[in-house]
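To begin, one chain is listed below as structure tokens, in the form predicted alone.
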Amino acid sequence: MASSKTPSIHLNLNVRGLKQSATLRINEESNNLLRSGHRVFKLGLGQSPFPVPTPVVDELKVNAHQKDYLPVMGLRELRGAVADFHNRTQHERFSPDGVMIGPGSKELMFILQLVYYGDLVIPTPSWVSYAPQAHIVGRHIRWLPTSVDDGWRLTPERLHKLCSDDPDRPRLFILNYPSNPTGMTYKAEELRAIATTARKYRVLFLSDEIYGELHHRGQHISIGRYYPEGTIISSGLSKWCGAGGWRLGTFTFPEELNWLKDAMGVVASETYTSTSAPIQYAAVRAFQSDIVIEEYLWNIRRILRRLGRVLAQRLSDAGVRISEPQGGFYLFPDFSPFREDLKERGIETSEEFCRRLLKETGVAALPGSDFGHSEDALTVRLAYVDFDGTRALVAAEQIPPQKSLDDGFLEMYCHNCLEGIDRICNWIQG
């Protein structure tokens, strides 16, 4: 007779206590509320609202029959297109052999942390999954705080202070910009100064540039220009191409780091094997670019630029500390000016702030504590993506390039974002 006892529960210590990814969790909670009949303003999950460009979708249809396993490192034509993309946009000298394709950049980041021996250095605030991945593989994390006064940017002085304490320690530094969660980016002179310090201490940089093509002025600059020998550039289709669910990410390595790329390839061969074949063939078209994709990018940038500026201004007018976003689709407001008023309402942490905000206004947002901030820092990440990106894009294409998008356009096509922010402003002042 079989035993009725269940198997013992023995979780790996590195996994115990970890929660589901905050961005995915808030999306599920929002959808559950919507199904229950509640009105929800979905400013939690950072998913592009825009459609995948039509030529890329057409290419996927044409290649739906592709069924064979592709090389572990990726389709040769795609690796060449990605190398050409970075060479064209960043004036680099990458080769197809330096490119690795994976099922999302998140998977590639995980494998990188698994194979590289050294501390993980993360500026705060930062994307929610960097630190949990490090915990899973047992990597030591060093947090490097930034401040609102510096626009939440890393400074070479902070990097120098960290590295000078133990100059020979191997370090992997993650630099993400335009930033999730702040929407901030860097100027050329800032990147050059950071690169000089990184080279001095031989820091390995993972430059997470998944939002690079969503720089609101189309002027993204990679730190790889100034520190090519020590920089891995991470990109993919999820943000600028609107194809998050397609799960395709790219890592581009300089020749000096081929040893690291090869080690990652070994792990990839024993885990995910290869990335979806039809998706890889379609992605070639995305990275090759042309006038159609350039016009697509130009229009989604001007929508995000105008919407981000208006939303940030409304929050600022309400007394919230906030910087105008420069890329992507995020705001990172600081509600500390309302600390005493919020305390009287029983709100002393960013997690409680977001919990009450969702319950009392229907606005879904993520607490700054999910991004590496302390619990009592009243910061919040807002993803201004709750609108029909297809309708907004079609409408923007009808407006001449020389004419800016006005408030009427935003009211017509991005109303949920506007109302969500207005509800926040009224709630904190009430």
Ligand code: GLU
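Residue positions are given as counts along the sequence shown, with the first one as 1. Keep in mind that what you see is a predicted model, and the values were worked out from it rather than measured.
From this point on, the text means the form predicted together with the named molecule, which you will not see here.
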Next on the checklist: Quick check on Tyr211: any heavy atom within 4.5 Å of the named molecule in the predicted complex?
Outcome noted: yes
Checklist entry - Does any heavy atom of Phe94 come within 4.5 Å of a heavy atom of the named molecule in the predicted complex? => result no
Checklist entry - Would Arg79 sit within 4.5 Å of the named molecule in the predicted complex, counting heavy atoms only? => result no
Next on the checklist: Thr231 versus the named molecule, in the predicted complex: is there a non-hydrogen atom within 4.5 Å?
Outcome noted: no
Checklist outcome for this item: In contact with the named molecule in the predicted complex (heavy atoms, 4.5 Å), from 60-68, 389-397, 372-380, 40-48, is stretch 40-48
Item to check | Candidate site Lys106, Trp127 and Tyr330: all three near the named molecule in the predicted complex by heavy atom within 4.5 Å | outcome: yes
Checklist outcome for this item: In this chain shown alone, the residue from Asn180, Thr275, Thr185, Ser235 with a heavy atom within 4.5 Å of the named molecule in the predicted complex is Asn180
Checklist entry - For the stretch 133-147, which residues lie within 4.5 Å of the named molecule in the predicted complex by non-hydrogen atom distance? => result none
